[in-house]
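Heads up, the chain below is alone and in the form predicted on its own; it's given as structure tokens.
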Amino acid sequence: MKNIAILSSGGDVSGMNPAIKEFVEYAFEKGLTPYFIYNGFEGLIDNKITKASHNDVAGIINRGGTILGSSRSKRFMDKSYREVAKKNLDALHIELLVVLGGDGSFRGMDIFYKEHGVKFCGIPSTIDNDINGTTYCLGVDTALNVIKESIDNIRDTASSFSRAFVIETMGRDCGYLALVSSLCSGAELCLIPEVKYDLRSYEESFKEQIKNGRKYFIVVVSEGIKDSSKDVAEWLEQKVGIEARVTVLGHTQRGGSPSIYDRLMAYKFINHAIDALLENINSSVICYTKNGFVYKNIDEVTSKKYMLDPELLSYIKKF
């Protein structure tokens, strides 16, 4: 029987626990012995590796985050620590790895594979949805639902007090969360890093809407835009003439019980990842595309910046 291990690296997402549960169940189904690596690459270095059982994953499918813990490991960038990690895997005869993480984690694993031959398959797992080569990353649907609920709740108080609200989403330099949540929540304005804007161009339209009876505005912005959320709120008050408040959603977007879609995608990602390793696809990322699931090499995934769907971008309101 071959031994296979799983770890989560970088930011946690809702969907990792369903993936971990399916990892154990599908590994046993395929005649593999599953192992857990705790605290990401740090645990790989510190030998926090244990054999996994069905009992370990009972009741975790509805939980956000990751029972394995996660980390951003600077030590794994050091060759000497990667050698320690390899010795730890060899001691347990672990030949195969599944990695839940982002492109930085995959680049690290690619180096590890080239140096030591440790076979792995990466599963894109980030709410930012900013990994090139896949249209969907694990955890995104749950994050969007958290944002949607927050915006719906804020709209209630915005309408009651006749205020504008600037709602800031995560995403680093990718505006996916802000764009999709603004479209699905009926926001009056969306600002993202991918689209140049000039707040002055919206002033006349917003003033006219107020004149015609509009009592509140919902503005969704991505954290990576050129202006701060506070700047946008001040613009609304000083130039448009409406009282404004800022809500930064922050890390609430990473938590919460995984949505049905994320649970289903976790199941599919894991099955494809383990199948890849059993079919000797030894250093890949399993990506979800318009043509279904495909395996891509690390260079394909990490060599280009993720680009938003042009169709989605075309829906941004322009005045």
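Numbering starts at 1 and follows the sequence shown. Bear in mind that the values here come from a model prediction, so they are computed numbers and not experimental data.
Omitted from view is the form predicted in complex with a small molecule, to which the following refers.
M170 is the sole member of V219, M170, M109, C121 with a non-hydrogen atom lying within 4.5 angstroms of the small molecule in the model of the complex. The closest non-hydrogen atom of S105 lies beyond 4.5 Å of the small molecule in the model of the complex.
Residue contact check for S182: none of its heavy atoms lie within 4.5 Å of the small molecule in the model of the complex. Interface membership of R254, defined by any non-hydrogen atom within 4.5 Å of the small molecule in the model of the complex, is confirmed.
Residue contact check for I127: one or more of its heavy atoms lie within 4.5 Å of the small molecule in the model of the complex. Only one of 246 to 254, 290 to 298, 274 to 282, 27 to 35 lies within 4.5 Å of the small molecule in the model of the complex by heavy atoms, and it is 246 to 254.
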